[in-house]
Every structure is written in structure tokens, then in C-alpha cells.
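Heads up, the chain below is alone and in the form predicted alone; it's given as C-alpha cells.
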């Protein structure tokens, strides 16, 4: 029989690698459940990125339990509906979340930069007596032992080797934790990059019939418009071709792209612009003994629908609840296996398919299929039950059922 390392000889019950939105909410769930947790983040706190901007209803329910939802909602924009539009025809359908009022306490999408929530979670961790948060602490090795895991750290006050009962890898697409375990990360890269801009131009005044979130279909000029507290975020496709990244990011190209949205209008101010590749990849396993993968370390996907960060928060929250029970002496090993299997299924069969389906529908070049898709979207506006079923899926409530 294996002798367990005494509690007093462990540095923490759980080490979380990665201090983004997924890592910090996972750690906060663990600490509030009574476990000692150390979060290791390789970047400085000031380098936290905006990136994801959508919080779905089940994510808000989880954040409410952590004491974060109320303030986050105050700082965000409540999207009571979202639209599918056509670049030439305009609005196709406006999908109101009110049909979900009996399914969730939060029948809306919240639009706010993920960095706002991450900083809130950071403050909560720093104030919690069972939590430590260390920036500029790089994990270089992860070594599972019989009854604990060793984590080698470079930088910060915890430099050296840490020992914990469990390790959670929330360290992104290029996860050191996943690499150390030798877990494969399979999938594909999309045939076009995304050019994402943020502007202070009041698009809601210039296009008065739009919602806070809009998916605009067109075989060439598809795009996405999302309103956030800091302004409007606009996403355009940027196919791989002869144009260099520098040319795509140039002010001339950005203004040319905006001409698709508002012909003849020069946006008053472009606050920032970025270009990135898009992938759909999933780890071959989300668990290896007492080491677990969550968020982008476990799965990355097309951002259409805002499911990536949300799904990662769900991964970590559900895992943390099981680890808290394990810390209280319960045997949850089979449930941890089930968590790993179920979350991988969600990544493959739910998030991956939904986001890729959204992307394909917006850019379809076949007019017969485009007409059928428009008719299907229009039908949602006429059938409340069909609309509710559709929104249960797009809001991710369905991913947590059954």
C-alpha cells in the first residue's frame, strides 16, 4: 500500500499553473472550498489581455457563487439579445434571451473584457488566507509521484520545487503542463486568420437597428460586431495569401475593412488592432493521475459564439468541486475520470461543433445553402420553443445538462 505524503510536508493541496480567467476562478473555487492553493503565472499582472468578451448565463451563475458576478455585471454591458444579419439585407433575426428566464437567473449575455474578471479574481485570491498568487513564476517541469506531484518553478518567492496533492494546468494553448505529461493536442488550424479591432466609433448610433452582439453573414465580407464597455470590437476574416501581417494590420487596411460595415464612414478612432490564427484542437486526455488540464491547455476553438473562455471556466469549476470533496476524504476518483471524459466530449462534440458551425454559416458561398440558413434563422423569430432550444445551446446551458 502506498504511504501518502503527510499534509504538513506538502506546499499546497493544489497548484494551479496559469493565472488567466480559467486558472484564477478554478483556484478561487478551491480556496473557498477549504483547500490550500498556489497559483503560478509566468506573466506580470499588467500583461493580462482583453481577449474574450462574452460571459454566458451558466458562467455568471458560477461567478455569482464565487462573489464575482454582481460587480462584473455592473462593469459590463447586458446583451438582452443578439442578431444574425446579412451584409446586404440587414437584420435577419433578433434572438431575445428572455425565453430563458425560467432556465437561468441570468437570461442574457454579458459583454465585458475577460481581464476585468481576471483582476477581480486576483484580488479575491490575494485576500483569501488559503490562496497564494505569484506572477513572473514560470513552471519548467511537472513530475507526478506516487501520491503527489512535484512542480519546478523559476522566478518569484516560490522558486524551486513545490509539492502538491494535485496540479491543474490552466496555462494556455502552449501548455507546459500538457507538454510535460506528453499528452497529444490534435486538431487543425483554420484557413484564415482573424483581424480584430476595437473602435470608439458609436456603431449603435450609426447603425441603430443592431444589437450589442451581431453575426453578419456574407460569402466574402462576413464579420462580427460586439459592443463592450471600452467600445465596439469588430472581427474580420483575413485569409492567408500574399498580404503580410504588417499590411493587414496597417491603418489603410483596417479602414478598408470598416468600409464593409459603414460604407464611406471613416471610424473616428481605432483603439487597437490584432491579427491571430484560429485553431480547433483538443488534448487527447484531460487527466493524467493527479494532474488535470482545463481551458486552452485542454481545448482551443474558433471564437464564434464566445464559448472558449466560458467552457474553460466550466472545466475548472466542476473539477474544483470534485477536488474539494477529495480533500474532505471522499473517494471521487471515478468521478474525476468521468469529469475528464465528459469535458473532453463537450470540447469535441459541443463547443467545437457549435463554433465551427457558426463560422461556416457566416461565410458559406453556396447561395442555396445561404437561403436555407436565412430561412432557419428567420423561423427562430417565429417559434418561441425553437428559439428557446436554440438559445439553450448557444448560451451553453445545454452543455451542462445530462
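Residue numbers count along the first chain shown, from 1. Please read these numbers as outputs of a predicted model, since none were measured by experiment.
Omitted here: the form predicted in complex with a small molecule. The next part is about that form.
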property: Site check 43, 138 and 309: each within 4.5 Å of the small molecule in the predicted complex by heavy atom; result: yes
property: Which of 330 to 338, 356 to 364, 60 to 68, 33 to 41 sits within 4.5 Å of the small molecule in the predicted complex, heavy atom basis; result: 33 to 41
property: Partner proximity in the predicted complex: residue 303 to the small molecule, non-hydrogen atom cutoff 4.5 Å; result: yes
property: Touches the small molecule in the predicted complex: residue 114 (any heavy atom, 4.5 Å); result: yes
property: Any non-hydrogen atom of residue 295 within 4.5 angstroms of the small molecule in the predicted complex; result: yes
property: Contact of residue 17 with the small molecule in the predicted complex (heavy atom, 4.5 Å); result: yes
property: Heavy atom within 4.5 Å of the small molecule in the predicted complex - residue from 212, 199, 290, 176; result: 176
